[in-house]
Each structure stands twice: as C-alpha cells, then as structure tokens.
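To begin, one chain is listed below as structure tokens, in the form predicted alone.
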C-alpha cells in the first residue's frame, strides 16, 4: 500500500480541529462528560475505572454472543475508517516510528484481529453421557500498553478480550495516552449507542506507576495482560494474579551459505525498518556465515540500505546509548529511539536521503547494538565462522527471552537446528519478521505476544477459562438400551 505522507501531514491541522470540535461535546481528558458523569471509558482514578469495567462486565455476561460481535465490529470499523486520522495523532504525540506504519497497523488489526470466530465448543459423548467444554470469560482484564504501539495494542487487545466476554481497564504509556483516550472514547461511544453498554474499555487518562499498581491490586480485576519492558513485566508477574506477559525481545537473524541473499536483504530491510524497528519482533542483529558475508553486505546495498563504516558506527553508538539504573546498564537514548534512518545517519556524520529506511554495518559480537534491544533502524552484521557459530551467537544474544528468531536458508537441517536451539515463540524462515504475525505471512495478527508466560500470539481463547459441563448417563443418543 502506497501512502503519501506529505498529503497526510497537510491535512493534520484540519483533522485535529475536527477532533477538538467533537471533544467539546464528548468526555474531557478527565473522563467526565458535559453532564458531570464519567462516560465512554475515560477515568482519572484507577479504582473507579476498574469498578466501571466490572459493572460493564456484569451487563455483558447476560448478553448474547451477537452483542460481543457487534461491539468488536465497531472497534474494527473505527480502526479502519479512522486509521489515517488516529495514526497521525499517534505519530504526532509519540514522535516515534513511521506514519505509514502507524496507519497500516490500525487498518490491519481492524480487519484481521481474531474475534468471536475463535471461540469453539468441544464435546465428548459415550456410554456415560455427555461432556461439553466451553470458554468462559475471566471478567475484568487489567492491561498495560506501550508507547511503541499505543492505540494498536489497545485495539487488538480489546477485540480479543471482548470477543472472549471480558471487559478491560487500560493503563497506557504516558507518552501515548492522548491518542489512546481518543480511540477508546470513540469505541465506547459507538458500542453504547448500539448495544447500550458503556465502559467495555476503561482507560486511565493520566497514567502513572501508581495507577498501574492500583490496577494490579484491584479486587475488580481478575487477569493482567502486559505489553512492555522488563520492569512492568516483573511487576505483573509479582502481582499475585495470573498474568499474560509480552516481554522484551532481541530477535537475531541467521544467514547461512545456502540463502537467497537478495531475498534475505529485502526481508531484513522490510522487517527491521518497519515502524523504525519499534516492533519487539523486529530484526535486531544479523549473524552471517563468513563465506557469504561480503556478498550479503552487497545485497543489502543493492536493496536500498545504507552501509556505515566503523568510524561512523562509533559515532552513532555514542549517540544511541546511555547508561541507566544503579547497575549502569546500556539503554537506547530517547533522542534516537524509533527515529528515521536519516536522523540516525546524521548522528553518525552521514547525510542520506529521507527515503532511506535502514542503516547497517559490520560490528563485533560484543557491540552494544548486538546485545541491546535498541529499537531504531540500524542493524549490526556479525561475521561468523559457520552456521553453527551463527546459531550459537544468535542464542546467546537473544538472551533467553525465547521471543523471536529468523533464519534465511535453503537447508532444512539448519532451520531445524536453529529452531531447536533458540526455542523462540516466533520462528520465521525466509521472510521478514512481521510475517510471523501474519503481516505478509499466514496466520492472525496480534500485538501481544506472550513469550514469558507461554500463551504465544494472543487470541480470544487466551483470555478465557475452560469450563466443563457434564451430564451423566444421558444424551448419548447413538448407544444401545441402558440398564
């Protein structure tokens, strides 16, 4: 899909003006309507938000499945119809990533996020009667969402969670709270006008660590779903409630001597540059066997990536990382995180065309760009003795997250060896990382990939409980006479 970003930016003033105009008669950022009551999902108090979500759940649980479908159909419709507007709002607020991908994520989730069709019933029948297994909701789900995909994560989660019969209360990242609130307001208003239930999605308009903690502790919240970094993942796992955690990743790529190098180059550029490398599944480091290393670097240049030399990589590294925390570990700087390749190039002392999507260069395995999940469109390439060393290094620098890994190879044995060694939730062969989420590959999309807790790419079934209902000695209609 080709999107004219200049055209989109040219209408942003009009778009925001329309949003402000609509907001005059809609709930304010404090979550209060013109009549003074909290409506359409916007709250300043986490406890009130959780309580409202619980009341909405008690209403939803009495409704037919068709009402769940109506609710998520409104979320889908708004995400698709307002993708340009809301994607532009997110880009302007967060100031990270690429506009065309913000729009594409909303459209894709609106069209393809898994819904009520995933809910199926199992049945067992025999001499001793009938057993039915169905999928029941948990209730209220507390969700933490990241700045990297603020509204898209809420959109995908809401579709799956409501399809499962739940409601949700969201603590968004503070840097993406405004677009999150606008999207949630629109979703709830449309749902309320159709099925008469408000606050299926409740959101904290001024999110803090304290409001996240309050959601974790709330008696109204039955399940936690976190998409974020290590600290918030640990907090969720220590909450005392069941948690579904999409934690950090540092996805490695292996390129062996059998790979189609031009295809591999195009795939790496597409995946690593998508939304300026903000996706947790994106290619972060490439390990290439020595016999094809130089040819692979040439293929990257043919495909449009710009190669940095050692001195330029050193300058970029100095600008891209900072020491944080008591242990002084390295983390990406906010100035370059999720920024365009041209901005990274300027930090490296290089001028490149604004349309360049990815920078790359050769580094040692010990380089910070290899070990740190940097989330910016520069990819380090590491020369390896053979495929065995490449897989060994890939496993080491994936850090045991078991998140995502990628290989480019025509050798099935090498694919199998890497799959077994890294044991990642997503394993992509001969394609870009996003194909593992159904963006250019098969399968359904979701932006909550629960690796640490094992649920994988989430669906409505992820957010349900199995319930078994048994009828003893009756309703097996195929058997003979009973004694």
Ligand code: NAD
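Please read these numbers as outputs of a predicted model, since none were measured by experiment. Residue numbers count along the first chain shown, from 1.
The discussion below concerns the form predicted in complex with this ligand, not included here.
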TODO: Note which of 142, 271, 172, 152 lies within 4.5 Å of this ligand in the predicted complex, where distance is taken over heavy atoms; exactly one does.
DONE: 172
TODO: Could you work out which of 373, 340, 107, 260 is the residue within 4.5 angstroms of this ligand in the predicted complex, going by heavy atoms?
DONE: 373
Open item on the list: Residue-level question: is residue 368 within 4.5 Å of this ligand in the predicted complex, judged on heavy atoms?
Closed with: no
- [ ] Examine residue 449 and determine whether its closest non-hydrogen atom to this ligand in the predicted complex is within 4.5 angstroms.
- [x] yes
Task: Touches this ligand in the predicted complex: residue 304 (any heavy atom, 4.5 Å) - done: no
TODO: Evaluate residue 403 for contact with this ligand in the predicted complex, applying a 4.5 angstroms cut-off between non-hydrogen atoms, and reply yes or no.
DONE: yes
TODO: Would you point out which of 74-82, 186-194, 384-392, 228-236 contains residues with a non-hydrogen atom within 4.5 Å of this ligand in the predicted complex?
DONE: 228-236
TODO: Would you mind checking 207-223 for residues with a heavy atom within 4.5 Å of this ligand in the predicted complex?
DONE: 209, 212, 216
